[in-house]
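Presented below, as structure tokens, is a lone chain in the form predicted alone.
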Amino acid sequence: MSYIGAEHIISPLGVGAHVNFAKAQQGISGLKKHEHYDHAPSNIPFGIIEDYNLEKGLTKLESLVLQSCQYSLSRMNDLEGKWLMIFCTTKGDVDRLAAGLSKEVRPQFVAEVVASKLDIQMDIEVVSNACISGLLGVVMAHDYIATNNYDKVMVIGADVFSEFTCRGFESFMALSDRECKPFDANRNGLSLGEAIATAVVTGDKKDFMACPKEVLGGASANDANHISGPSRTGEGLYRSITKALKQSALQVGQIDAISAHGTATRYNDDMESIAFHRMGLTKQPVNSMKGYFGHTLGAAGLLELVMCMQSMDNNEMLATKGCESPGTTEKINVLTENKAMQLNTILKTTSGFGGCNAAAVIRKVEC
């Protein structure tokens, strides 16, 4: 058994999980076109954090990760015990390569810099498994707590906008020239974003100042289909969800809602619809957060899980911003408007390059 709480978000929508949820609840998006941002084509919308404070001697990524970690720690009643930091990112500070730096580019280096400035000692692990990294970090934290390897785990999902990823997705012709439209019949590609999300996973809900959520279970599976294309049958995601439900000891009908990956690319959204259809999850409300934040890569899984936690607190599942007319291979229940509903359990899914997939189930708890 494990609990997740002390959550925090820094994104183009603002600072704090509550702030980000409130903005999204109003239908506000952090995506926009940037006229004067290095490496960002001015005719394509991106979700870039423009209002932030740099810590002395630290990069933007290091500064924002440190500030988010400090907030999460400030929301804990008890800091005692053996800690682990799981730093989830797709690329670390990769743009520092342009300045001739190499050691500083490594995600491990970023994590060590941040850990050295915190008031408590933490072991460090890096998870860099494409766009499932953030959610996979939570699944790993749950396993570490359940097996008594650690008392508390700080999970960080972090990626900032870079020329490296922008050029990469441009080469795939995967970037939309408008704000992305996940699951929409007229979707034409994704929007890139940046965000930092943090949360703490422990075995005791009393560790948190505010009521946490319970992590019931999670799993990952690789479909080994293609380096950048998902399985046409949704096999990897299907297996991830199957394992996550088994760990959670839940039946399909006990899932209240689904937070999908929903990138707004043709192949990803169709794959997810096929996997959900195979699972019998076609009635549950489904949303994607990419229309609010863009695709935040290694941060996405944790960022969107934190938004699920906010949905539970507000008993409201948010609309899939940008989706006006759902159109996927299999029909699923994509939310095009905010929906007030009792939310006791939410399934969170992610998928990424290399055929990786992850799923996790969280549940509301009484405090």
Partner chain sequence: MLKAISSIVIKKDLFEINGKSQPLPENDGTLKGLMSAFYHSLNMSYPKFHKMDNLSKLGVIGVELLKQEHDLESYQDDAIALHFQNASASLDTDWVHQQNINEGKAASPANFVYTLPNIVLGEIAIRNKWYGENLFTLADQFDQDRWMKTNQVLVAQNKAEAVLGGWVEVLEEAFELELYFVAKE
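Residue numbers count along the first chain shown, from 1. Because the structure is predicted, anything quoted here is derived from the model rather than measured.
From this point on, the text means the form predicted together with its partner chain, which you will not see here.
Student: In the predicted complex, which of the stretches 176-184, 211-219, 259-267, 198-206 has residues with heavy atoms within 4.5 Å of its partner chain?
Tutor: Answer to the contact question: 211-219.
Student: Considering non-hydrogen atoms and a 4.5 Å limit, which listed residue (N149, N188, T282, Q254) is close to its partner chain in the predicted complex?
Tutor: For this set of options, the contacting one is N149.
Student: State the residue from V127, V114, M289, V160 whose non-hydrogen atoms include one within 4.5 Å of its partner chain in the predicted complex.
Tutor: It is V127 that has a heavy atom within 4.5 Å of the partner.
Student: Kindly confirm or deny that G14, L66 and Y71 each have some heavy atom within 4.5 angstroms of its partner chain in the predicted complex.
Tutor: The answer is no; none of G14, L66 and Y71 reaches its partner chain.
Student: Heavy atoms within 4.5 Å of its partner chain in the predicted complex: does G81 have any?
Tutor: The answer is no: G81 has no heavy atom within 4.5 Å of its partner chain.
Student: In the predicted complex, does R106 have a heavy atom within 4.5 Å of its partner chain?
Tutor: Because a heavy atom of R106 falls inside 4.5 Å of its partner chain in the predicted complex, the answer is yes.
Student: Is there any non-hydrogen atom of A249 lying within 4.5 Å of its partner chain in the predicted complex?
Tutor: It does not: once its partner chain is placed as it appears in the predicted complex, A249 has no heavy atom within 4.5 Å of it.
Student: Are any of the heavy atoms in I120 no more than 4.5 Å from a heavy atom of its partner chain in the predicted complex?
Tutor: No, I120 is distant from the partner.
Student: Going by its partner chain in the predicted complex, which residues of 219-240 come within 4.5 Å of it through any heavy atom?
Tutor: A219, S220, A221, N222, D223, A224, N225, H226, I227, S228, E235, R239, in sequence order.
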